[in-house]
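Just the one chain here, the form predicted on its own, laid out as structure tokens.
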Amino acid sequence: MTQFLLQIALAGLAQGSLFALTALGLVMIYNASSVVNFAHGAMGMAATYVAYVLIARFEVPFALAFAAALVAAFVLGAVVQAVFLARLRNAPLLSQVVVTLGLFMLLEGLMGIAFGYNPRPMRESIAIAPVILGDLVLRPQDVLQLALLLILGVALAAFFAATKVGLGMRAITENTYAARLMGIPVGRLLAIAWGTGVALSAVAAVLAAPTTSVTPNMMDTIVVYGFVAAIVGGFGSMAGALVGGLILGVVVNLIDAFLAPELAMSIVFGLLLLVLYVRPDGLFGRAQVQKV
């Protein structure tokens, strides 16, 4: 029984890494622009089709296709911010949210028209047989997902703490008006933040593709869990997004193993309500104090 639970936990951490990567991107965009990007998963999905085409049609190595997908995701995120959301900077926040919802539906429709809605298989990133340790099965793909999450988490922490661009983004988060008065290029940094956030979604999407197959709606469930992870961790906290995603992955796998996969979403949202009742700002969130 212990080994069975350990296997579930390992699989949950691997799955949770996808939720955490998605949540990290959501939080990064929200911190920079105060916009909840409902097109987050669709943008990562669109970039995944770049990797799929390069691998399936041109037999490009997975690593190069992965890199191309991340570049495409970064450009997509930066363009969306610079072309569309920058124009709505002074519009009501609801207008900006509706734009992301429209972009979500547009991208899924365009990918459906271009590639169809049938699942398209994509080979695993690591063509190595699973490692068997007693009764435990360790998949190299799972190790890669966890490793990338930890590497990117540390890299983002260092980026915000020690780079000029990262410090500028933190200044924008604190006070956009003051940051602009200090000469910080707000528009450019917002485009970088959106590009990086969408690239994180693309990392999750490309890693999920060998398991879920490539479809226009492949990220719908993952991005919902990404939102839950970000909220549980404290929307606005990068550390909270990472930890919340890993916890959520384990919880979902426990529900799948002992109850039924169909109940996972309902139970997770029930637990979300419970967490928010006890800690309205999330596990790592801080209460927002407004001076009047």
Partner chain sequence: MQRRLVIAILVACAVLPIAFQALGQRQVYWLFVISEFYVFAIVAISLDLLMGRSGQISLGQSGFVALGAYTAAILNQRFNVDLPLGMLAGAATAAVASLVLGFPATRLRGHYLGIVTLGFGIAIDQIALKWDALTGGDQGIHLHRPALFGVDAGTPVRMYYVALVALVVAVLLVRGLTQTRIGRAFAAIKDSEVAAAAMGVPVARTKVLAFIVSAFLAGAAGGIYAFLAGFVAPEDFGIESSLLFFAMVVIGGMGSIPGAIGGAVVVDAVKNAAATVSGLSLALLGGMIVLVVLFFPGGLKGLLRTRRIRRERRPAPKGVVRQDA
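Fair warning: this is a prediction, and the values are worked out from it, not measured in the lab. Numbering follows the first chain given and starts at 1.
Omitted here: the form predicted together with its partner chain. The next part is about that form.
Q: Counting heavy atoms only and using a 4.5 Å cut-off, do 110, 113 and 277 all touch its partner chain in the predicted complex?
A: Per the other structure, all of 110, 113 and 277 touch its partner chain.
Q: 42-50, 60-68, 240-248, 29-37: which one contacts its partner chain in the predicted complex at 4.5 Å, heavy atom to heavy atom?
A: Correct option: 29-37.
Q: Spell out, yes or no, whether the shortest heavy atom distance between residue 95 and its partner chain in the predicted complex is within 4.5 Å.
A: Within the cut-off, so yes.
Q: Does the 4.5 Å heavy atom contact test between residue 102 and its partner chain in the predicted complex come out positive?
A: Close contact exists here: in the predicted complex, residue 102 approaches its partner chain to within 4.5 Å, heavy atoms only.
Q: Classify residue 180 as contacting or not contacting its partner chain in the predicted complex by the rule of any non-hydrogen atom within 4.5 angstroms, answering yes or no.
A: Looking in the predicted complex, residue contacts with its partner chain do not include residue 180, since no heavy atom lies within 4.5 Å.
Q: Just to confirm, residue 159 within 4.5 Å of its partner chain in the predicted complex by heavy atoms?
A: Residue 159: no, not in contact with its partner chain in the predicted complex.
Q: So its partner chain isn't shown here. In the predicted complex, which residue out of 88, 128, 138, 150 has a non-hydrogen atom within 4.5 Å of it?
A: Checking each option against its partner chain in the predicted complex, the one that comes within 4.5 Å is 88.
Q: Does anything in 177-207 come within 4.5 Å of its partner chain in the predicted complex by heavy atoms, and if so which residues, in order?
A: Nothing in this stretch is in contact.
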